[in-house]
Ligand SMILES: NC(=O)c1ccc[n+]([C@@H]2O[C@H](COP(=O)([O-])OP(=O)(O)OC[C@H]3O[C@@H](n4cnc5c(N)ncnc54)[C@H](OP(=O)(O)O)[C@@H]3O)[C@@H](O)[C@H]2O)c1
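Okay, here we've got a single chain as structure tokens, the form predicted alone, with questions on binding and movement later.
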Amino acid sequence: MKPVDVSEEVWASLLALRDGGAGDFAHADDPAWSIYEPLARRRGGSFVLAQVGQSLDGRVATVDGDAAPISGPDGFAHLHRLRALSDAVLVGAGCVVADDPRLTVREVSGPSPVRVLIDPSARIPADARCLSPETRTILVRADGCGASTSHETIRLPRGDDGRLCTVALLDALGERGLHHILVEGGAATIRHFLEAGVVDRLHVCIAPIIIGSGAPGLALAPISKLSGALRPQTRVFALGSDTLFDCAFDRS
């Protein structure tokens, strides 16, 4: 397992890379560089990284919905680095209703991403913290949803399964110059992106606690045979308080 220590020099180089710089290949052998470089480097086209912070037994909340704190301080800082390197952070309405996240960058230096809230039926309350004016926010609504809003809005048709198409959403974000997307939650939203085959990287950040029961971090559809399991290429890193599984998927 590779230990990770994000130095100020490496982080500054990653932020420069995010802003279109060439990057400093002197850091190529640094574990921190290898974790964050795929998200920081702008290569053209979309790049989707999904992230989940969970317990040793795969839970993100108790049966009563208590979700804080699961990640330790290093896992929390890791999440904020991912936000700082992304064009946009995306969450579903259920995540907002349950956790009321701010979705801004506070634990590390760097810009806050555009907040993209998938809210087909206008479930997100008007006083949600992620609707604050401090950062650009985009609501994603289903065609036919008549709820009014002053926020920038993307409208998409529902598919036969009632969901909004993830590919159409990524296309709409790309038209707005948002190509590097962090899918932060909740479990259903991450599931939809994984099942659509549009995730390049999945970060599973595990905290050393055991909850025993409660909401799962990855709520994928059940399979009957292991031959149907997802088998990404995986590397493991010691973040300090948490352990990171960096999972790479082949979208070709």
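Computed from a prediction, not measured in an experiment: that's the story for all the values here. Position 1 is the first residue in the sequence shown; the rest follow in order.
What comes next is about the form predicted together with the ligand, which does not appear here.
Of the residues given (82, 181, 95, 116), 95 alone sits with a heavy atom within 4.5 Å of the ligand in the predicted bound form.
Interface residue among 144, 162, 125, 133 relative to the ligand in the predicted bound form, by the heavy atom within 4.5 Å criterion: 162. At the 4.5 Å threshold, heavy atoms of residue 104 stay clear of the ligand in the predicted bound form, well away from it. In the predicted bound form, the ligand stays beyond 4.5 Å of every heavy atom belonging to residue 74.
Within this chain, residue 166 lines the site of the ligand in the predicted bound form, having a heavy atom no more than 4.5 Å away. Within this chain, residue 192 lines the site of the ligand in the predicted bound form, having a heavy atom no more than 4.5 Å away. With the partner left out here, the ligand still marks one of 27-35, 220-228, 40-48, 184-192 in the predicted bound form; by a 4.5 Å heavy atom cut-off that stretch is 184-192. Applying a 4.5 Å heavy atom cutoff to the ligand in the predicted bound form picks out 60, 61, 67 from 60-83, in order along the sequence.
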